[in-house]
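Coming up is one lone chain in structure tokens, specifically the form predicted on its own.
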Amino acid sequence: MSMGDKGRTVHIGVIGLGGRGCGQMTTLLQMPDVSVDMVCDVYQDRVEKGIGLVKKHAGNDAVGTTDYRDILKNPEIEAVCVFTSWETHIPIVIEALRAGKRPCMEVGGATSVRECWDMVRASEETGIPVMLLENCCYNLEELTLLRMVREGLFGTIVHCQGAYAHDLRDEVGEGDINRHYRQRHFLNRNAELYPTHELGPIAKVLNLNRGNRMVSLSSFASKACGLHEWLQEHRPDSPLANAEVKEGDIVTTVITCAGGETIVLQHDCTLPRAYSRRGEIRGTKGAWQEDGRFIFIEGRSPVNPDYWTHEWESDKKYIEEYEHPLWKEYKEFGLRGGHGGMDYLVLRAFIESVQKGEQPPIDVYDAASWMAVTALSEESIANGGAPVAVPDFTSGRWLQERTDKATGMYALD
């Protein structure tokens, strides 16, 4: 199917209408083969807003509810999109599976390893796939780098690094005002709270759950000062000004893989800084570094003969040379949706997997293992950085050639 082709209509229900939910639903409403029939949020004003957005962008009258189970009971709805708080993603997905609906969910970290196993088992028992909407897997640079890795430009991959480095002090600090769930996590947990933006693209580079897997991790947290000082300065009359913040300002997680590779992740959201996902790929023939947009490819990048030093060059010409075919077609089609267009791609990947009745490119095993990093890091930090085993949610399937995988233009394998 070409990107501009219209498939059969998919009738969906949207659960969660905060800022992210409304943004993602608006992107879905741009697709002529998607019908948003029902919308849900626990807040009635958000339900009304969601109904209005459907009317504005699609012209139909969506049914609104404050109870997501109403959506799950509707026999006309085939798929549900879960855009709720982090801690409710997996429980709602499990209920959707039991109700016979095909779910996708926004990113976030798991509250326990148990709920990840429950989701995997529910998907396996019902035979219904789950997709995690990790949009960063579809970003121009990440997809192009994946192509470069697949074509051997970096040689054998040895190490990858990534971060969620985003100054969120105001969003988190005013979470009780703007009804944002992040705040309760930062106040009560000390963990790699948001691992999948950085881990998702790395997982595809390293073939995790498809010939490789994460084996163990150790996590370490710095002291928590940034959000506490922000609250004291900006909300001195709030009880939060004296609240204890559990989340360390910098959380570092080191992961080992069955193939011998290492991964370093960092969560960095409560200190002043410019945004970065701080990506890095190291291989036997080259290296790439997101900050500075640097690349070095052996035999192609410059070497100073006087000092025998290797010199970084800009990755721009490589991104142009190896641009992923999906992005070439996407540019001709016309970019749309949020986050530079990658939101549209990840949502479209879900819709087309539903239309074809296939596994999505980011499946339940990916969702479970990536999201479990939060709960596992929390355990490791609480035990002084002790190594924690990463469960094999595939139950050995990672060792075999996966036949249940996505096909077509959105596949990431």
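The shown structure was predicted, so the numbers you read here are calculated from the model rather than taken from an experiment. The numbering used is simple: start at 1 and walk along the sequence shown.
FYI, the form predicted together with a further copy of the same chain isn't displayed, but the following is about it.
Only one of 82-90, 123-131, 101-109, 151-159 places residue heavy atoms within 4.5 angstroms of a further copy of the same chain in the predicted bound form, namely 151-159. Contact check for Pro387: a non-hydrogen atom falls within 4.5 Å of a further copy of the same chain in the predicted bound form.
Although the partner is absent here, Ala221 is a contact residue: one of its heavy atoms lies within 4.5 angstroms of a further copy of the same chain in the predicted bound form. In the predicted bound form, a further copy of the same chain lies farther than 4.5 Å from every heavy atom of Asn207.
For Phe294, a non-hydrogen atom is located within 4.5 Å of a further copy of the same chain in the predicted bound form, even though that partner is not displayed.
Site residues Thr9, Glu95 and Phe333 are none of them in contact with a further copy of the same chain in the predicted bound form, judged by any heavy atom within 4.5 Å. Of the residues given (Val254, Ile319, Leu193, Ala243), Val254 alone sits with a heavy atom within 4.5 Å of a further copy of the same chain in the predicted bound form.
Checking Ser314, Asn188, Ser238, Thr284 against a further copy of the same chain in the predicted bound form, a heavy atom within 4.5 Å turns up for just one residue: Thr284. Along 212-250, these residues reach a heavy atom to within 4.5 Å of a further copy of the same chain in the predicted bound form: Ser218, Phe220, Ala221, Ser222, Lys223, Cys225, Gly226, Glu229, Trp230, Glu233, Asp249, Ile250.
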